[in-house]
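Here's a solo chain for you in structure tokens, the form predicted alone.
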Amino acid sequence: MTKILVIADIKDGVLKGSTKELLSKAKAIGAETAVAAIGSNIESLSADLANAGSDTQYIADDADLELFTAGPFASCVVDAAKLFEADLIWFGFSETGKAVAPRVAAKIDAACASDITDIEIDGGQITITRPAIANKVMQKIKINTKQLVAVVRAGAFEADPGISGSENVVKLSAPEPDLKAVIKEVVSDASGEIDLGDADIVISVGRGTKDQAGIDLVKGLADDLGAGFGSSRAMVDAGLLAQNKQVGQTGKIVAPNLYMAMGISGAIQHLAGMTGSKTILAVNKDPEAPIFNVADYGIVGDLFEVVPILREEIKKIKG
């Protein structure tokens, strides 16, 4: 039986939904599942890790692991992979996963693939699917090594609410500190806004918002819906929004239940970051805008007229 080790995505002591998505896919293809959780003060998450679909939980819990450092984190993953004898090691799409996956692959002499959207296993042959050339083509790649380390694109797999696992905790020893690079401090965004990767709804703005007044107008809609607030690269380059708001090929990849594109034309680089969204609504004055080719719902109109109407209707729905 194929063995799949999923690396838990934990933020501020909370297990993120992407972990259950990966474990659901592993269960769906009939694999034996385990999860590796790495951090500080996380032993209490063992039940959540089991409920997410894992049958074995490898937990490295140590004060020295509170701040992420790629070297020690990779060492913990390798320890778990060896104990579990994993055939596949899956990371969710995050900065942590992208930083650690190549290190793990190098340590165990495995293939490494990023941004995968699907995986097939037939008689021991592993084949992955991943987008290339800014989503213009989909590649099918056969893996010629026994083990594969993969970073899975956000939203590629659906979480199955009906799956669960069994609690079987294995404690991992804390690795030696990485003296080549020591994290002294982490400065986080103190705005209190919803992280784009965690949001069920994401609203992004583009050139059509024109200026700060337009941005503020759409931001009000995002606040009404409790949505994450994103941006096209054009608004970041113009200095109107921070880089961490950028959605796209060189920004964040998001896959919310609802993505609303306000005044965004739909350049291929932006589409690469949001086409995995379950439902897409676009508002643009140009009926020929490329964004309408991927939108489930489109409104051809001036966002300065459309957004106030949407806000008013949302208020009515909320009562």
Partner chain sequence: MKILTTIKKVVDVELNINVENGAIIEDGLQYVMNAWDENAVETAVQLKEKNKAETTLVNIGSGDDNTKIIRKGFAMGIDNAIQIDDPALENSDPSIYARIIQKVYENGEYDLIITGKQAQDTDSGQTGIILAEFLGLPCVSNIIDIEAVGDQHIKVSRLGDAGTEILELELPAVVTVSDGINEPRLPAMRGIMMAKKKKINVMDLAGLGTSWEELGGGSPQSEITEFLKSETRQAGQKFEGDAAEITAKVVDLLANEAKVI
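Predicted model only: the values in this text are computed from it and were never measured. Residue numbers count along the first chain shown, from 1. If you superpose the two forms and keep the largest set of C-alpha atoms that fall within 1.5 Å, you have the rigid core.
Below, we turn to the form predicted together with the partner chain, even though it does not appear here.
Student: Spell out, yes or no, whether the shortest heavy atom distance between Val294 and the partner chain in the predicted bound form is within 4.5 Å.
Tutor: Because a heavy atom of Val294 falls inside 4.5 Å of the partner chain in the predicted bound form, the answer is yes.
Student: If you check in the predicted bound form, is Thr33 within 4.5 Å of the partner chain, heavy atoms only?
Tutor: Contact check for Thr33: no, nothing within 4.5 Å of the partner chain in the predicted bound form.
Student: Can you tell me if Asn168 lies within 4.5 angstroms of the partner chain in the predicted bound form, counting non-hydrogen atoms only?
Tutor: Judged by the heavy-atom cut-off of 4.5 Å, Asn168 is well away from the partner chain in the predicted bound form.
Student: Evaluate Ala50 for contact with the partner chain in the predicted bound form, applying a 4.5 angstroms cut-off between non-hydrogen atoms, and reply yes or no.
Tutor: No, Ala50 stays farther than 4.5 Å from the partner chain in the predicted bound form.
Student: Can you pick the stretch from 204-212, 136-144, 82-90, 157-165 whose heavy atoms fall within 4.5 Å of the partner chain in the predicted bound form?
Tutor: Heavy atoms within 4.5 Å of the partner chain in the predicted bound form occur in 136-144.
Student: Between Glu193, Asp198, Glu95, Asp118, only one gets a heavy atom within 4.5 angstroms of the partner chain in the predicted bound form; which residue is that?
Tutor: It is Glu95.
Student: Pull the contact list for 271-300: residues with a heavy atom within 4.5 Å of the partner chain in the predicted bound form, in sequence order.
Tutor: The stretch 271-300, when checked against the partner chain in the predicted bound form, contributes Thr275, Gly276, Ser277, Lys278, Thr279, Ile280, Leu281, Pro287, Phe292, Asn293, Val294, Ala295, Asp296, Tyr297, Gly298, Ile299, Val300 at the 4.5 Å heavy-atom cut-off.
Student: With both forms fit on the core, is the shift of the CA atom of Thr145 between the shown form and the other one 2 Å or larger?
Tutor: Thr145: C-alpha displaced by less than 2 Å between the shown form and the other one.
Student: Is Ser164 among the residues whose Cα moves by 2 Å or more between the shown form and the other one after superposition of the rigid core?
Tutor: Moves: no, less than 2 Å.
Student: Taking the rigid core as the reference frame, tell me whether Val300 has a CA displacement of 2 angstroms or more between the shown form and the other one.
Tutor: Yes; that C-alpha moves by at least 2 Å between the shown form and the other one.
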